[in-house]
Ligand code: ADP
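A single chain comes next, written as structure tokens; it is the form predicted alone.
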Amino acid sequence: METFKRVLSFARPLGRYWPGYLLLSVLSVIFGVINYGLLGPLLTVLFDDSAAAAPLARPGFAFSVDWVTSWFSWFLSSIIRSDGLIRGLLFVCGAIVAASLVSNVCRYLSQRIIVSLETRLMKNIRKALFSKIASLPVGWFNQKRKGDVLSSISNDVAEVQNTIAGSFHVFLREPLLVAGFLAMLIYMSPKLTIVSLVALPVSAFFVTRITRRLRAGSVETQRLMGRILSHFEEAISGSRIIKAFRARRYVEDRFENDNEKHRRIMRQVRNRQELASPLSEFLGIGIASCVLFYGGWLNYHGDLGMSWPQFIVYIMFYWKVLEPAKTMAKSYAGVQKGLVSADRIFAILDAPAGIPDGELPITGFSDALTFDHVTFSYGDAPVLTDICMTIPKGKTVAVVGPSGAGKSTMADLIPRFYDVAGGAIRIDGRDIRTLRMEELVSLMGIVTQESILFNDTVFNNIAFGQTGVTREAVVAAARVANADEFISALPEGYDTNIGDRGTRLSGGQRQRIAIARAVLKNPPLLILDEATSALDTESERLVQEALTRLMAGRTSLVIAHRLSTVRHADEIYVIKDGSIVEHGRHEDLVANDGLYSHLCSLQAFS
């Protein structure tokens, strides 16, 4: 119930919806009851001429159902006596059509209100989900399957929309229908109605027993759907490797295993879900048969208290009670699945922010960036130990070392993708954890080994995250990045869409667009994380020229595998197993004959 209330909270303020919806629903129910109630006079006109044409006294006004039925009978009798039976029949049929029209118009207008509520609710859920995902720390995504996250964004949101949001009108309007028709049943025959009220909980008991297990099965199906989406994502992103290693059969077998598990569990869930409606209908007919039998028994003993046309109307009223009850039973079964999806969505929305924002402002960088005895670990696995390093303003500092030594982790700590476990990173002597994160990141330009581009135009990728950028500024940044020439040769120049992750460009071209993006930002602090390691020789030369222009006059931290790219750095730190083992200028480190010298010899470089 708490999950249902929380889902509904995304449609606030509810006051703009429920008064109009309630009024229209009540009117729809009233005219729906009148519509079926008029069947009694219609049957009387058709099959009991003497009763319909008998003169009746005009009833005195009273605010009651008796007055309404008495007045209608008097008015119908007057029409029949003055204008004939056919005119009376026409009047009753017209009244039925009019009541049906008003009932359905009110129902349609009430549905429009519910549609507005549903669409607003789903929009707010998607907005909250996207905002949360955009704000979560990088480490959160390392602990999650991408398929699970995508499943929550797509399947779970759709499931909530189709079940919970789609059932609002059922749980708001159908109880009104039940109450309206049930009131008429009690009015027409309390004895018969008591029998039906005793029997209805039996139906509810069996339906509840069936749907109780839907939730557990839905949890498993949603988990497996996350795995299935992960298989699809891996097949798309890793298509080249799959073909290169002839691993198609392997990945298909893995997919088929999870796909078959999902099919089996989904079949069980759907079978149980679909059983709710026919079982409810069967039990309803069984109960209706009991009511018919009891009504016949009362009529046999002269205790029915109503004419046979009224008894037929009573049965129709009773059937109209069963229909919304059956609808609610089916919707309840669907809601159990929707609640599982809602819980998965709220698990993301409730994920801890992880990295608290600082409170102190920072507008510039004037002295140095310092690693002050920094330690860091992923879970229980230590990655960095007692790192002490200073990057003076305007200087270029390089960090080199074997793979897995912790170089990229050092770069990720500066913009606070992760927080240090011990020690501190300071800018101008201030711990970066005390600074406003948005202002801190605005001081930095980051170029990584994998250029992160978006399915958009070249212009928008270079101007990413900035507003009011002119085309001249973007072109100037592209020229600094050695990118203007190839961009101008594209079919639509700077307005060319580069595809998902920039797949329409080569690796060197993607990297130069990423550099142009950093140039346009014009940050005082530059972080280059192996920006040329994945490029061929020609592309590396062009990118390195662009980086040299970019680093001019800026404070730079360069993470590198290729030592030739950092030989002119003002200071080089050599890291191994998470610790700094030596540091100095290129010539001094080569002369020391330590790890740096060994790495240089492996790359045939000195």
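As the structure is a prediction and not an experimental result, all values here were calculated from the model. From 1 onward, residues are counted along the sequence shown.
Unshown form predicted together with the named molecule; subsequent notes refer to it.
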Among 184-192, 364-372, 404-412, 435-443, which stretch has residues with heavy atoms no more than 4.5 Å from the named molecule in the model of the complex?
404-412
Whether Tyr378, Val383 and Tyr418 jointly form a contact site for the named molecule in the model of the complex is the question; each needs a heavy atom within 4.5 Å.
yes
At 4.5 Å, heavy atom to heavy atom, what parts of 171-189 sit next to the named molecule in the model of the complex? List them in sequence order, or say none.
none
